[in-house]
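Take a look at this single chain in structure tokens; it is the form predicted on its own.
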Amino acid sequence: MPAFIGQSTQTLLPRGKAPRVLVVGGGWGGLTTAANLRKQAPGAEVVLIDRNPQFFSSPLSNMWLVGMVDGELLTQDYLRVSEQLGYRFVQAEVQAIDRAQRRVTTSLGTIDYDWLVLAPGIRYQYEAWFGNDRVAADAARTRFPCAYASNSEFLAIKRSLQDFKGGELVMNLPPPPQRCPPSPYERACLIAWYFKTNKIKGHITILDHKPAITPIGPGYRAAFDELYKNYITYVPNAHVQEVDPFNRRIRTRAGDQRFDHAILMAPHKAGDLAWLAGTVSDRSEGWADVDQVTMQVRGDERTFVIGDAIQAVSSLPFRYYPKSAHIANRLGRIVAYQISERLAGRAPERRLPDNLCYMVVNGTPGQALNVQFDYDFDPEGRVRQVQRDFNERTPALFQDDFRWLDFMFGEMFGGIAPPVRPNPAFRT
């Protein structure tokens, strides 16, 4: 039996004199927010809540799946990080969020706050495929997980790859907007590299909802054709119409596909916390309804939502920020700045993020692609995006991927994370 079982109605953390900022969700955005608040608002009490005891990084996880990096390098203990940086960590399940009373109810008790930052991530919208058929939805989730949001799913995919003896592996891409759009292409390349390196007679079919590979289309197309011609088939306009996880069949507008194994990616929407807090409106298309610059929930200046869960930020064609770790980090910085300035009685200036993504496409030699996004305001005040694709796969970008992660981890973890490098057994 646990030594202590909390009651959701009891006060978990008594209030002190300092203003309290409660950060719910310990992903890239939540960790960045907490770390920067400790530096920028030292007089505030910062509390981070997550239901897990450890953080696991999705960036570089595709490399971990095929043995290029050790998993220990991508994880951090939340409690250790919080003690290093000087904020408080609570491991608990959030059960209710009362924004009117500024109170969060957890499995251990209630926590009052002055400012609330939600980092909900995404949820899988299996109901788009299965309606109310939970048996089919659970079969797809457990047998053919996509590892977009769950640490346990990453382990399940890794084990399935280790057990894979050959055959047809199908990966479908969800319709935009999705978490980290280039990640599935990277995963396909690395799994193909794994098959090729280990002489596994496997083939990967990518069923893409989009009409073409994007971003970094030419770079990925070259990798598919030049490195993995016999291992990867790319199918555009493959809008999913029916998924049968029991008979291992998927039907799309581009044709039907049977598979021996699959990575099934259901459509994405804002994570459960965004819905629990009532931040998803009729106009926000299943995402948190926030101000495009401040990330404040509309009608509630004390609540912010950051990361993948936010709605479209512009009426221009790109519409959404990339739902990436880098953007979550940058929005965490922006919100920490917003709160610290308001606590100091100052009006914060308008700030926009940037985005940077590396995608590894080869292991021997190690080679990667890169895409960068910059944001500013057009003459009409709309957020606009400038995208730069680096389509030439190079060893230099492969090494830059590790340097980028080291820099980010230094900010999020306060210098206690060891450098992330390829597995010594992995020859680049």
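Note that residue numbering begins at 1 and tracks the sequence as displayed. Just so it is clear, the model here is predicted, and its values are computed rather than measured.
Keep in mind the form predicted in complex with a small molecule is missing from the figure; the text below concerns it.
Proximity to the small molecule in the predicted bound form holds for all of P59, E93 and R187, with the criterion being a heavy atom within 4.5 Å. Partner contacts here mean any heavy atom within 4.5 Å of the small molecule in the predicted bound form, and among 224-232, 201-209, 325-333, 249-257 they occur only in 325-333.
In the predicted bound form, the small molecule lies within 4.5 Å of some heavy atom of G27. Although the partner is absent from this view, N52 contacts the small molecule in the predicted bound form, with a non-hydrogen atom inside 4.5 angstroms. Using a 4.5 angstroms threshold between heavy atoms, V361 stays clear of the small molecule in the predicted bound form.
In the predicted bound form, the small molecule sits beyond 4.5 Å of every heavy atom of V290. Taking a 4.5 Å heavy atom cutoff to the small molecule in the predicted bound form, the contact residue among C357, L73, V297, L116 is C357. Only one of Y78, W129, W193, F144 lies close to the small molecule in the predicted bound form, with a heavy atom inside 4.5 Å, and it is Y78.
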